[in-house]
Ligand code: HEM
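A single chain, nothing else alongside it, follows as structure tokens in the form predicted on its own.
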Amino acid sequence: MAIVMRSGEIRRYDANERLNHWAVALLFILLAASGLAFFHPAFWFLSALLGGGNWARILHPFLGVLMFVLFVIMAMRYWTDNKIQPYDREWSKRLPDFIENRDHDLPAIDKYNIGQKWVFWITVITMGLMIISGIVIWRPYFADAFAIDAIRIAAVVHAISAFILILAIIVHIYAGVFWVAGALRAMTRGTVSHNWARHHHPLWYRRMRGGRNVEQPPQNL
């Protein structure tokens, strides 16, 4: 389906997608902050974001469930687009060129590059591990149903998964804000320019234009 806007831009994300993304992002910030507060006393001041220690302990697991549900909705939307394809493997061989901004002749890719797909699948895995381990250690509702060894293992899994997810999101933010100019605009305004789409995601650009050649000058500019 071609999504060419009157301005000549191309819609990359609709309003519902952007709302879902920013809701997950806000919940992630609150959960990461409160999780760090529980992890080490040096970060205890971050519990203030959820109203202090007691409220942070109460709200953290409930917000975690909400974030997981919203992320599942997001993941279902982007599941197909994030399947790794043969051209992604070819693109990954040229990753040093991409890092050094020598990206004028990289292999054509679809909506996401291999780095974005890695972040997606890391998030899927860590989110799954965190919701499972979080339920096991959730007092007073579920923890009493598990042996103490299971709770200890779950606590370690939860902390490691959270650490990996935080690192992945840092990379995601850096790439979206500083590395690839124009990427942040896609999730704030929902649209990207023809030149941006044609340069960074030519296969996706071709699909959005109904299969027309990516070198064809865009209309309605």
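Heads up: residue numbers just count along the shown sequence, starting at 1. Predicted, not measured: the structure shown is a model, and the values here were computed from it.
Form predicted in complex with the named molecule: not shown, discussed below.
Consider R209 of the chain shown here, and say whether it contacts the named molecule in the model of the complex, taking contact as heavy atoms within 4.5 Å.
-> Close contact is absent here: in the model of the complex, R209 is far from the named molecule, nothing within 4.5 Å, heavy atoms only.
Would M127 count as a contact of the named molecule in the model of the complex, using a 4.5 angstroms cut-off between non-hydrogen atoms?
-> Output for M127 is yes: heavy atoms within 4.5 Å of the named molecule.
Any chance A197 has a heavy atom within 4.5 Å of the named molecule in the model of the complex?
-> Judged by the heavy-atom cut-off of 4.5 Å, A197 is well away from the named molecule in the model of the complex.
May I ask you to check whether F120 falls inside a 4.5 Å heavy atom distance of the named molecule in the model of the complex?
-> Judged by the heavy-atom cut-off of 4.5 Å, F120 is in contact with the named molecule in the model of the complex.
Only one of P61, G53, G190, G176 comes within 4.5 Å of the named molecule in the model of the complex by heavy atoms, so just point that one out.
-> That would be G176.
Which one, I29, V69, L167, A181, lies within 4.5 Å of the named molecule in the model of the complex by heavy atoms?
-> Comparing distances to the named molecule in the model of the complex, the residue within 4.5 Å is I29.
Does the trio M74, Y78 and N82 actually contact the named molecule in the model of the complex, every residue with a heavy atom within 4.5 Å?
-> Spot residues vs the named molecule: full contact, yes.
Please name which of the stretches 108 to 116, 88 to 96, 129 to 137, 142 to 150 has residues with heavy atoms lying within 4.5 Å of the named molecule in the model of the complex.
-> Within 4.5 Å of the partner lies stretch 108 to 116.
Mind listing which residues of 18 to 36 have a heavy atom within 4.5 Å of the named molecule in the model of the complex?
-> Residues within 4.5 Å: H21, W22, V24, A25, F28, I29.
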